[in-house]
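Quick setup: one chain, the form predicted on its own, written in structure tokens, and binding and motion questions come after.
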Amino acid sequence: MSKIIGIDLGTTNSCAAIVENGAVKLVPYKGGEFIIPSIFAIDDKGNELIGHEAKRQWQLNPRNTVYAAKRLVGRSYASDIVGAMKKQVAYEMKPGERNDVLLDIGHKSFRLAEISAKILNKIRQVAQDYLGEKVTRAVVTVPAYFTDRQRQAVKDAGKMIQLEVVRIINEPTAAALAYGIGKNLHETTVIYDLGGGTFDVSIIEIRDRVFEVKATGGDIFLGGLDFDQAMIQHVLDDFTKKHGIDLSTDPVAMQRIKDLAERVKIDLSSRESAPFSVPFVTMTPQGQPLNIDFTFTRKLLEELTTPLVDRTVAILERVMADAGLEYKNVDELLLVGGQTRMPVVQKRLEKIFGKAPSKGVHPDEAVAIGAALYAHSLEDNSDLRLQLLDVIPMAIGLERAGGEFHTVFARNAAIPNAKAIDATTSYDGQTEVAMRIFQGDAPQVAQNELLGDFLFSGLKPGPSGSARLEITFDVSIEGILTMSARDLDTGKQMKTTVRVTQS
């Protein structure tokens, strides 16, 4: 059988890892880099570019370059998040017929699963070149706070390129595997994962080769991109104040500012100040060239991004409370994701936990390495036996009369998990029962994410309340929901994976 590889499919960057001769290592790309930017583009000749090639031409071709698409996966076009993204990116979005988002790139329409599939395929090709053999199976990581819909989308992306996604595991759990395997640990760890696009916190109890998630939480619209955005907004406001010109409508100027914001942010992790200069960014109405030219200080960056760090701390506090855990009882704090390199993030956490974070994992590599170790444990001839006990990140339930959310699985319920509920007909002569399934933590379904509709038909018509149905909700180890229904009078059965429906 071909090797199962581990893939960290990130919002801004992706990478792969494998276990070879008992050692786990990242798969190198040409030029010795391990990281592949999660960027897809179509150039003016109609060529598709992925990764580094796409990133290189980004400044000149922002309109046909897709980045941070992971933030849109599994979202309905009408959602607030899609609205916020439209303001931040140069590529065009339009509504799809599956209540999803389509991207309009190089005069073609792409579904988000197709974009994910192209990036996955690039990572797979790099791994094949390195291994010298075909790769058909992978363990792929997702943010712990991904919904059922978003997890399904990753599976679908794999199907499009004949890559079997053997298992989906949560990014913080993967990082904990990278940290804990082979050390015979017995400890409670907090994984604080602040990446390019998403934020997760998981509390995991490690007992040698058993990794049990106690509680998890997150925000899949909080990450390094938002730190960049805070800098960009400051630069734009400053320029408007000085020159009365709004640069936000100029895609090429915006792209230059975006690129520089990320570079300056990284510089400010090791320096107190850095120049922020973009020469000839635009012209005055009289044709005079104008430059952006000022000094960004670490202090200013920290002031601009305090609300973002506060948001991560609020989530951390909620997850600690969910787990019933006090900071003094945490054995290790692991920092994962590039944005955790920011000194103020480390200082803030050190103050909360009363100790420095562990240096036991590499923030950019831990997730891929954990995925590869887990992949290795699934291989037939593996000597590595692991047990992952995970939880669902937010409640799953159904719509009650009046739009109330009826919880079937509570937030942080252990998975795999199954629950049966009784249902019946609500009017005479009814031959089918429909249910709308949602996921989220709000008391009203309108604020939660619609996972789909479940329809059980073929009931014997009779008076209201006479049918006896048993509906079983089954959440797999990957956090994916399947439903089945049984008519207790006839024994008729029906099973389905909840499909996302048009709404």
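Here the structure is a predicted model, which means the values were calculated and not measured. One-based numbering along the sequence shown.
Keep in mind the form predicted in complex with a small molecule is missing from the figure; the text below concerns it.
Scanning 337, 217, 180, 143 against the small molecule in the predicted complex with a 4.5 Å heavy atom cut-off leaves one residue, 337. Between the options 74, 196, 158, 397, the residue in contact with the small molecule in the predicted complex by a heavy atom within 4.5 angstroms is 196. Contact check at 4.5 Å (heavy atoms) against the small molecule in the predicted complex: all three of 225, 265 and 341 pass. Contact annotation for residue 390: none of its heavy atoms lies within 4.5 Å of the small molecule in the predicted complex. For residue 88, no non-hydrogen atom is located within 4.5 Å of the small molecule in the predicted complex, even though that partner is not displayed. Residue 332 falls outside the set of residues with a heavy atom inside 4.5 Å of the small molecule in the predicted complex. Within 4.5 Å of some heavy atom of the small molecule in the predicted complex lies at least one heavy atom of residue 364.
From the list 160 to 168, 188 to 196, 315 to 323, 418 to 426, the contact stretch for the small molecule in the predicted complex under a 4.5 Å heavy atom rule is 188 to 196.
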